[in-house]
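First, one chain by itself: the form predicted on its own, in structure tokens.
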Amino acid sequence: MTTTTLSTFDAAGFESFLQERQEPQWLKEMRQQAWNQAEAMQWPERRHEEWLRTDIRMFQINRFGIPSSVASDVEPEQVAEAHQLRAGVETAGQIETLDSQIVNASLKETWKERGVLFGSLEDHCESQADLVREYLFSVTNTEHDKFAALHAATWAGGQILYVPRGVVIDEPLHIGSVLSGGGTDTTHTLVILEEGAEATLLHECNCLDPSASGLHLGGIEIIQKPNSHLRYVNLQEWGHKTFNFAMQKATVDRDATLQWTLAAMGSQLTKVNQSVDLVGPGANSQVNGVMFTEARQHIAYHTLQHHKAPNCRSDFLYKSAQQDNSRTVWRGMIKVDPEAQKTDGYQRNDNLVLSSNARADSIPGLEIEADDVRCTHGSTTAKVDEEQIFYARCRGFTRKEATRMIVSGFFQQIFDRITIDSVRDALGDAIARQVREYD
């Protein structure tokens, strides 16, 4: 069993991190280039439009460090117990990480024999160098900001899923990423589906202690070849003193489909850039987002639906609820290139504000350069209807029970889109646990 000790995020710490790792030269050069990019960049400033509503002045990276392996007394059972999506589910394979170190990885022989790869990204950088080198950081932009560059330089405990042409995995795969108190997670998830392949991936991020501090510098890359089909579920419940920064991007080729469901309920501060590029005719993507915040949490998602090919469809639906003094920010954009005629793009963000001190910022946008498209967007923000509370209390429910029912009903449109019963139940239970009475 391993966990991590920490080297500082400076030149000496990075050099120590690099020397410790037994990696091919091409990967070390990629890391060095990303580190040089990060060193040349400033931290994001509030006057930049993307960071105008997200204040990172409380974030001090010198409180955290770059992961490196040492022995740990944390038992594997403690890591497994932190997860929710795996309950009652027969999986095709599992990967467990603790503080950016893989502590367990398994895949059924049935799928190994059919050429499926599922396990440590570091290991596959050696054993499948040509494959990994072709796709690693081919989708996400390591120069987007300092956080993205630092992730590209210091990722560890990464995971890979590769499904060969025509292989249909009919059992879910599960990835669990866990942070200990004060730990750092820099895991990178690389998903590649060849033509005609299908898979379902459940990925959740948890802390051993819900109140613990930590740092997540993460990245997700999804590459879907023609006529491939992926269901990807991501549940984020980091500790409420954890800082969470991530770049997440998918490319969807001809006649391929992506259903991406995410729930963000943890962390002290989250800033995620999520984008889907539709690069082949007939590509189809559906993104379902749930955000629930409490206390003084701040969760910000910037989404992009980039239509690069004709006859594609994208559907982004985000629903957010805020209580106490928390805040959510959703900033969405549908971008349509000139050649992407017959585009059908939709985005919507609905917010349910549960206290007078909570806040929701919603900024939908369109950037259309084609003239034969259908693109729509919408946003709503409202408080809980006191008449509904009164109606429920007249029938014997407490105010908290009534509020919980209303919140569950608010998210029901998202739940109805989820085709995996265990995932739907886990998300519903996670939200219900957090609902409190409000004034």
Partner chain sequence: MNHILKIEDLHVTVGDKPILRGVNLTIQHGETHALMGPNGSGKSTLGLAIMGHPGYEITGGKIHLNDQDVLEMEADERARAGIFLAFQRPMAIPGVKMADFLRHATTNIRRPDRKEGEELIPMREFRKELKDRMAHLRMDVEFARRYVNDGFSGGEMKRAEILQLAMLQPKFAILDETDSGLDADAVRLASESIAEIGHQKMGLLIITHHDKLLEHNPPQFTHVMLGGRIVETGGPELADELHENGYDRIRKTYPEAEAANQEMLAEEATA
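A quick note: this is a predicted structure, and the numbers were derived from the prediction, not measured. Numbering follows the first chain given and starts at 1.
Another form, the form predicted in complex with its partner chain, is not on view; read the next lines as being about it.
Peer 1: Check for me: heavy atom within 4.5 Å of its partner chain in the model of the complex, for each of Cys394, Ile406 and Phe410, yes or no.
Peer 2: Yes: each residue has a heavy atom within 4.5 Å of the partner.
Peer 1: Is it the case that Trp43, even though its partner is missing from this view, gets within 4.5 Å of its partner chain in the model of the complex, heavy atoms only?
Peer 2: Although its partner chain is absent here, Trp43 would stay clear of it in the model of the complex, with no heavy atoms inside 4.5 Å.
Peer 1: At 4.5 Å between heavy atoms, is Glu49 in contact with its partner chain in the model of the complex?
Peer 2: No - in the model of the complex, heavy atoms of Glu49 and its partner chain never come within 4.5 Å of each other.
Peer 1: Do Asn36 and its partner chain come within 4.5 Å of each other in the model of the complex, heavy atoms counted?
Peer 2: Looking in the model of the complex, residue contacts with its partner chain do not include Asn36, since no heavy atom lies within 4.5 Å.
Peer 1: Would Phe390 show up as a contact with its partner chain in the model of the complex if we use heavy atoms at 4.5 Å?
Peer 2: Output for Phe390 is yes: heavy atoms within 4.5 Å of its partner chain.
Peer 1: Have a look at Asp429, Asp421, Asp416, Glu20 for me and say which one sits with a heavy atom within 4.5 Å of its partner chain in the model of the complex.
Peer 2: That would be Asp416.
Peer 1: Name the single residue among Lys28, Arg63, Lys400, Lys383 that comes within 4.5 Å of its partner chain in the model of the complex, judging by heavy atoms.
Peer 2: Contact with its partner chain in the model of the complex is made by Lys400 alone.
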